[in-house]
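Taking the form predicted on its own, here's one chain by itself in structure tokens.
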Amino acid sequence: MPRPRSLNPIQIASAALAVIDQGGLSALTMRGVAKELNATAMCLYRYVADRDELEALVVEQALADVDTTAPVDGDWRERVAVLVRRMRVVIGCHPAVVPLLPVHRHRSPTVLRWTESLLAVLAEAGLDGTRRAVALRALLAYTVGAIQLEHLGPLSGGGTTAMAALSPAEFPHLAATAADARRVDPDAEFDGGLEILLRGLAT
């Protein structure tokens, strides 16, 4: 009988990420990851205790390429925007992982370093105490929500087209806005929303 394969956390996380990329978050199972590794599910339990630990590994693997260093150029809003855009670019390669970010943000070294840099910039801007905490949560909510909308309900998709075709008599604002929205590209949508949020934080 062959000896069990030796695995490491990076191999397991990479396999789990591949499973999610191919089949979505619902496809993430120990059996599915084991199959991707050409191993047995029982073998995986030598390295990860449960699905919760597996998800945390996936989050860190998906974010491994995020530059977490605090930018030094520009005013505080420009530097916050740089950090948020970095997160969007990297996690946008694995959009199905996005729902795991809020759940495992405290277990990912990359998220912790990114958050520390973001908080440092907010502190320099004069936000402190509960206001800084709320500002951080608002930026996290925007980042996670905007990425999900971009990939699950893009403005270029069928949902926008259907709303643009609604009766102007019954839905005048929705139909007109949807028609305009089809001309907004993903970068303009993300940056525009972020600009509105940052302008609000500055008041």
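The first residue of the shown sequence is 1; numbering continues from there. In this text, the rigid core denotes the largest set of C-alpha atoms whose superposition between the two forms falls within 1.5 Å. Since the structure is predicted, the reported quantities are computational estimates derived from the model, not experimental observations.
Just so you know, the form predicted together with another copy of the chain exists too; it's not on screen, but the next bit is about it.
Just one listed stretch, out of 39-47, 58-66, 25-33, 152-160, contacts another copy of the chain in the predicted bound form at the 4.5 Å heavy atom level, and that stretch is 152-160. Another copy of the chain is not drawn, but in the predicted bound form it has a heavy atom within 4.5 Å of Ala146. Remark: Val82 does not count among the residues lining another copy of the chain in the predicted bound form, judged by a heavy atom distance of 4.5 Å or less. Shown alone here, Gly129 lies within 4.5 Å of another copy of the chain in the predicted bound form, counting heavy atoms only. Mapping the unseen interface onto this chain, Val184 counts among the residues with a heavy atom inside 4.5 Å of another copy of the chain in the predicted bound form. Residues of 118-140 lying near another copy of the chain in the predicted bound form, listed in sequence order, are Leu119, Ala120, Ala123, Gly129, Thr130, Arg132, Ala133, Val134, Ala135, Leu136, Arg137, Ala138, Leu140, the criterion being any heavy atom within 4.5 Å. Once the rigid core is used as the reference frame, the Cα position of Leu25 differs between the shown form and the other one by 2 Å or more. The two forms, fitted on the rigid core, differ between the shown form and the other one by 2 Å or more at the CA of Phe171.
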